[in-house]
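First, one chain by itself: the form predicted on its own, in C-alpha cells.
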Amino acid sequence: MHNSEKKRIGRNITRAGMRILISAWLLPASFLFATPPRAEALTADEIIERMEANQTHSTAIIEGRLVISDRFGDRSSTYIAHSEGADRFLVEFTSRAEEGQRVLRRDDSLYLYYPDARETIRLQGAALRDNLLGSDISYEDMTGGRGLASDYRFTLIGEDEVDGYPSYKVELVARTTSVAYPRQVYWVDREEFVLRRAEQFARSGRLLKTVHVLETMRRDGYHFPSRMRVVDETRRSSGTEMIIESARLGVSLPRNIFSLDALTW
C-alpha cells in the first residue's frame, strides 16, 4: 500500500469516532456449513438460526485467493486465514505484492498490519468503508461476530430457486442504525441451510452489494461455499471472487495467534 493511501486511512481514522454476509467469507469459519436434516414450515427466525448454527466451527485454517476484476483485467491475491469461532480471525496475504499484510479481528475490533512500514492501524469510523486490496469487499464487511438476530428482524417473504437449488427467501431489516446494510435479502438453501445468494441495500432502497455462491465443497462432514462472487453495485466493477482452495477444520492453532503482539511477527 502506498504511503499516501496509508496517510488517507490515518486521516479517516482520526476524523471518525464502525455484518455481512460475506463475514461469510473473511471470517473463514463462516464458510463451514454442516448439513442438517430438512425441516418443514420453519419461521424466518428458525431458518436464520439454523444457517448461523452451521456456519461456526471451533477452529479452522483456510487457504485461498481473491480474484479482483476491473477494467484493467484480473489480479489474484493469495491468503491463509486462521479462525476461532465467529469472533476471531487472522488473515495473512501471501502473494508477492501484498506479502506479509495482515488483517486481525478480535475483541470486536479490526486491525491492519503493513510489514513495509511495520505499522499497525486500528480501523474505525469512516476508514471501515475502505475496500480490502481494492476489491468489492470493505473492511466493514469483516466486522460483526454477533448473531444476526442482535442487529436484524427476519421475515420469510417466499421461496425461490438459485441455480436450481430450492431456497427460502428471507428479508432482514435492521434494528439499529449502526449496521452497514439497513436491509438485506438472503436466499438460504432449503436442504443444506447454506447461503446461496444475498442482496444488501441502503436505507433509501438502493442496491449496494450482491453475493452469489458459485461452488461448494465438502470436508469432514461439512458442506460449505468454496467460490463466491461479490459485486459492489455502487461502482464500476466486474466483481471479486473469493475462492477456498483448502480447509482444515478443528485444528490446533498457534498460541496467542490472535494477539496484537503476534500480529507483527
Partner chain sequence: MRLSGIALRNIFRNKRRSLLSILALAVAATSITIFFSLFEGIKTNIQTNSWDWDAGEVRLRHAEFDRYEYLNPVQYVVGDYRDLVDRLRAHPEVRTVSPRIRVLGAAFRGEQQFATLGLGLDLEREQEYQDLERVIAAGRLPRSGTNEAILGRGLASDLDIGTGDIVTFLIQTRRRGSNAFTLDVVGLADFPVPQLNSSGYILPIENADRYMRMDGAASEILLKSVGGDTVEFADGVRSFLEESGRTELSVVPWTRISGGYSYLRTAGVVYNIVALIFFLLASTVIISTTMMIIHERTREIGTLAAMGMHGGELVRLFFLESAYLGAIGSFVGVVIGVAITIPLSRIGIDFGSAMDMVEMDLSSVLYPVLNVRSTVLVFFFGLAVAMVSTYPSARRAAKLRPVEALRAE
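Keep in mind it's a predicted model, so treat the numbers as computed, not measured. Residue numbers count along the first chain shown, from 1.
Keep in mind that the form predicted together with its partner chain is not shown, yet the notes after this line are about it.
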From D108, D116, D163, E159: within 4.5 Å of its partner chain in the predicted bound form by heavy atoms is D116
Which residue, D151, D189, E98, E84, is the contact with its partner chain in the predicted bound form, using a 4.5 Å heavy atom cutoff? E98
Out of the stretches listed (167 to 175, 125 to 133, 151 to 159, 190 to 198), which one is close to its partner chain in the predicted bound form, meaning heavy atoms within 4.5 Å? 125 to 133
Counting only non-hydrogen atoms and a 4.5 angstroms cut-off, does Y139 reach its partner chain in the predicted bound form? yes
If we define contact as a non-hydrogen atom of the residue within 4.5 angstroms of the partner, is S76 a contact of its partner chain in the predicted bound form? yes
Taking its partner chain as it sits in the predicted bound form, is I80 in contact with it (heavy atom to heavy atom, 4.5 Å or less)? no
Touches its partner chain in the predicted bound form: R206 (any heavy atom, 4.5 Å): no
